[in-house]
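Let's start with one chain on its own, the form predicted alone, as structure tokens.
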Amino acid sequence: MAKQIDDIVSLDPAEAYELSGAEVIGNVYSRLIDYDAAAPSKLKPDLAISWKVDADGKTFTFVMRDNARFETGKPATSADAVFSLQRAVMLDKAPAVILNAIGLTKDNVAAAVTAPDAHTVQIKLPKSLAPSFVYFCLTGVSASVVDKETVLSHQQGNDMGLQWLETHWAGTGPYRLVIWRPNEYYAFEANSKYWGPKPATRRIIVRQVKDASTQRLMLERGDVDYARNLDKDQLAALAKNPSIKFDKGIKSAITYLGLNQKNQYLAKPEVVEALKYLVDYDAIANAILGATATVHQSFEPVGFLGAISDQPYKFDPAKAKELLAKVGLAGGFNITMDVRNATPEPEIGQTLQAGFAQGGVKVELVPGDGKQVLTKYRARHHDIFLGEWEPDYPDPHSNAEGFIVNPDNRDNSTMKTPAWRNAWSDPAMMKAVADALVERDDKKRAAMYEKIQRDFMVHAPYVMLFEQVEVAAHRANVHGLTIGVTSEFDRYAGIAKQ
């Protein structure tokens, strides 16, 4: 498989928070519960064979299967599941925000997550939440179950095995991680201890191939069986080749611009609005993205509870100039935009650059690999960030929290959501998100998220651009890749080669 995987920073489920890393973890680890990739609103068993919530909405109980084993042959028990959840919270890396969202903290996780016996996991939350929200949080990467004994045997100091697990594996998924070499490749082998259906292919190698045209050439020559990051032109050309087929799936990944409120220009609401009118959405979608994306101007993905399809912004330089003139910027200003140097982001960046110029906004594109761009963004050192955001679970709170919730805007905050990264904090919008989180009536909850999105369009310092449609090109003698709504549900176990 040829794919852009240069964004991987770690393969520890308690630390990995990048799209490619999530895909790896989804294939090599199990969680208590999973969701159906074809119907993301439906839960299904994973390590837990049953689950329930008490009437108070606070106490959740999971009964684990007794036939799951780690590579060492040791059974996967409730002690491993409890350790994994507690570990993710205690390490307090980026993915911990998912478990923090259901009320688990460093102070309470030891008492809140317990194992009454070897097959039972009990989670007692500090307050009642919508049960579906809690369950979907537990399908995320940070809830992956690791082998407690193996991980602690590699502990250095008090790191709970973090340094070792960044590049190693200790899970129960259908595949085992053989090796990961950053910016080069990773390799899987079928996990002989896996309790479920055995993977159709024994070994899968995923290579870092940044250039789309190179991916296409390798696919046509038969050097790879799958090409995962082809652009509009590559896909159109391959459609004429009878030896190439395509898998397609709507992804929940949203392409957007993050506008750092530390910048004196971007902190002006009129400038933020003006930039929304300087994007030629349709031109980018048609000329650059083609079948790989659709214009999407709200933060909730299609199919999520309360998602809307409003598109209030169109390319209108005259309107943008009026807005800039209102704040004394009729002559425009200079700004930088960080862009990952992998197709199609440079092409999108150049088109944005040209559109912004029509309003007098002079953009300097700053390219970098995935890790460089993300590291800079996470440190709040950007002006404008062009990138993607993918929810951690198929519940509207995931994106609402990411793009809106920022209770501590100081540089040393521990909750580093996109809202924090862009130094934006709006108490009224955060309250609306909090209210929607505890509403147990789905119809009322959907209406609340609809309003939040429309308020977000007016007030938030982002330009929401597109929703991804993943198109995976493959040789005709290969089939079976599952394309999920989130990266951790891009599953390899069904891939078969004839």
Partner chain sequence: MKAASHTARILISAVLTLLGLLLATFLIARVVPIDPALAILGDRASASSYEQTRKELGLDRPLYVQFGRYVASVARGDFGRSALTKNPVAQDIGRFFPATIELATGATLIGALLGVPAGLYAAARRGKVTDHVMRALGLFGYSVPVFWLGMMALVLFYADLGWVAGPGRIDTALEDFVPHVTGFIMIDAALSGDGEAFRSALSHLVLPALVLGYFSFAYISRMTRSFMLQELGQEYIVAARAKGLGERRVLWVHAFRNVRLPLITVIALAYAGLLEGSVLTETVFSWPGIGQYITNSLLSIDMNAVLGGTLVIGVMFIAVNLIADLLYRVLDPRAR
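Here, rigid core means the biggest group of C-alpha atoms that superpose within 1.5 Å across both forms. Positions refer to the first chain, counted from 1. Values in this document were obtained by computation on a predicted structure and should not be read as measured data.
If you look for the form predicted in complex with its partner chain, you will not find it shown, but the lines that follow are about it.
Peer 1: Of these, A81, I123, V209, L275, which has a heavy atom no more than 4.5 Å from its partner chain in the predicted bound form?
Peer 2: Looking at A81, I123, V209, L275 one by one, just V209 meets the 4.5 Å heavy-atom criterion.
Peer 1: Could you spot which one of L217, A239, A200, A330 gets a heavy atom to within 4.5 Å of its partner chain in the predicted bound form?
Peer 2: Only one option qualifies, and that one is L217.
Peer 1: Work out which of the listed stretches, 177-185, 283-291, 422-430, 126-134, brings a heavy atom within 4.5 angstroms of its partner chain in the predicted bound form.
Peer 2: Partner-contacting stretch among the options: 177-185.
Peer 1: Suppose contact means a heavy atom within 4.5 Å; in the predicted bound form, does that hold for all of D231, G355 and E467 with its partner chain?
Peer 2: Spot residues vs its partner chain: no contact at all.
Peer 1: Any of the heavy atoms of Y313 lying within 4.5 Å of its partner chain in the predicted bound form?
Peer 2: Answer no; every heavy atom of Y313 is more than 4.5 Å from its partner chain in the predicted bound form.
Peer 1: Answer for K93 alone: is it within 4.5 Å of its partner chain in the predicted bound form, judged on heavy atom distances?
Peer 2: Contact with its partner chain, yes.
Peer 1: Taking its partner chain as it sits in the predicted bound form, is A325 in contact with it (heavy atom to heavy atom, 4.5 Å or less)?
Peer 2: Output for A325 is no: heavy atoms all beyond 4.5 Å of its partner chain.
Peer 1: With heavy atoms only and a cut-off of 4.5 Å, decide whether S20 touches its partner chain in the predicted bound form.
Peer 2: Outside the cut-off, so no.
Peer 1: Determine the residues of 357-391 with a heavy atom within 4.5 Å of its partner chain in the predicted bound form and present them in sequence order; the list may be empty.
Peer 2: Going through 357-391 in order - heavy atoms within 4.5 Å of its partner chain in the predicted bound form - the hits are D369, K371, Q372, L374, T375, R378, W389, E390, P391.
Peer 1: Once the core is aligned, does F385 move its Cα by at least 2 Å between the shown form and the other one?
Peer 2: Passes the 2 Å threshold, so yes.
Peer 1: Once the core is aligned, please say if the CA of F304 is shifted by at least 2 angstroms between the shown form and the other one.
Peer 2: Superposed on the core, F304 moves its C-alpha 2 Å or more between the shown form and the other one.
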